[in-house]
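Single chain ahead, written as structure tokens, the form predicted on its own.
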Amino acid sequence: MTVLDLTQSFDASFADKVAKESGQDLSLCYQCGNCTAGCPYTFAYDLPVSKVMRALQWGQKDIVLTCKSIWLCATCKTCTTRCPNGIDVARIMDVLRQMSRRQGYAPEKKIKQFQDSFLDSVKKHGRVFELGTMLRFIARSRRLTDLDLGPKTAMKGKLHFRARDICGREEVEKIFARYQEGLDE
């Protein structure tokens, strides 16, 4: 059992920053555990959602931003729909992932590599170009599993060999630029 010295790792401003960025009132969480009970990925988390929320309330920045749970969250919003106080817990998990990225933490390297590949495709084409995303992910991760799914998916017309940009792709680029400006401030 790990004993934490909460005074050593306490960051008073962390919870406020997460509350501001997520638009959620973290103090409303009274640890009922409904979020954890409903989460389909609790079995894989190193910290259940309710403990992420508690550590967040206690200003445990390093514990929260380095935990694998925030990267494994599928954003299915089960936690959000089960919260009796209307806290958008999935939004908080998303904000924590963004903060973790900005501060250089990436405990789940392959998830970050996939997310980077996905976002590169959206930025370039305005939508996901599946084949390009797969190739970028394989190049980054050097992971060659599931290649047998490519031909099956292509045969069903679900995998296109040419990227098709959306109308208004420039607007998507502007969204990425505004996000980047927010990071630079």
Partner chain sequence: MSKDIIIGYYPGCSLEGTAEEYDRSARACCQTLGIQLETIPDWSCCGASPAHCVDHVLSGALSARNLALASKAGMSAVATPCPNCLVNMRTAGRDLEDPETRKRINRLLDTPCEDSVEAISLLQLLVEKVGIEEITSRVTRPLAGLRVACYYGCIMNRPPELMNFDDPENPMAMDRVLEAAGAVAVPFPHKTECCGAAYGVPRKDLVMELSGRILDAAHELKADALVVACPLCQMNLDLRQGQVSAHKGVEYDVPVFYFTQLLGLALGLPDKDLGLNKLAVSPEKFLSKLEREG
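We call the rigid core whatever largest set of C-alpha positions still superposes within 1.5 Å between the two forms. Not measured: the values here are computed from a predicted model. Positions refer to the first chain, counted from 1.
One more form of this protein should be noted, the form predicted in complex with its partner chain, which is absent from this view; the next part is about it.
inquiry  = Check Gly33 for me: does it contact its partner chain in the model of the complex (non-hydrogen atoms, 4.5 angstroms)?
reply    = No, Gly33 sits far enough from its partner chain in the model of the complex that none of its heavy atoms falls within 4.5 Å.
request  = Examine Phe137 and determine whether its closest non-hydrogen atom to its partner chain in the model of the complex is within 4.5 angstroms.
outcome  = Phe137: contacts its partner chain in the model of the complex.
query = Given that the partner is absent here, does Thr75 sit within 4.5 Å of its partner chain in the model of the complex, heavy atoms only?
reply = Output for Thr75 is yes: heavy atoms within 4.5 Å of its partner chain.
inquiry  = Would you classify Val172 as touching its partner chain in the model of the complex, given a 4.5 Å non-hydrogen atom cut-off?
reply    = The answer is yes: Val172 has a heavy atom within 4.5 Å of its partner chain.
message = Is it the case in the model of the complex that Arg102, Ile111 and Gln115 each bring at least one heavy atom within 4.5 Å of its partner chain?
response = Yes, all three are in contact.
ask   = Quick one: of Leu26, Ile63, Val122, Leu47, which gets a non-hydrogen atom within 4.5 angstroms of its partner chain in the model of the complex?
value = Selected residue: Val122.
ask   = Along 126-164, which positions have a non-hydrogen atom within 4.5 Å of its partner chain in the model of the complex?
value = Read in sequence order, the residues that approach its partner chain (within 4.5 Å, in the model of the complex) are Gly126, Arg127, Val128, Glu130, Met134, Phe137, Arg143, Thr145, Asp146, Asp148, Leu149, Lys152, Thr153, Lys156, Gly157, Lys158, His160, Arg164.
ask   = Under a superposition restricted to the rigid core, does Ala19 display a Cα displacement of 2 angstroms or more between this form and the one not shown?
value = Comparing forms between this form and the one not shown, the Ala19 CA shifts below 2 Å.
ask   = C-alpha of Arg127: shift of 2 angstroms or more between this form and the one not shown, rigid core aligned?
value = Shift of 2 Å or more: yes.
message = After a rigid core superposition, would you say the CA of Ile63 moves by 2 angstroms or more between this form and the one not shown, or not?
response = Shift of 2 Å or more: no.
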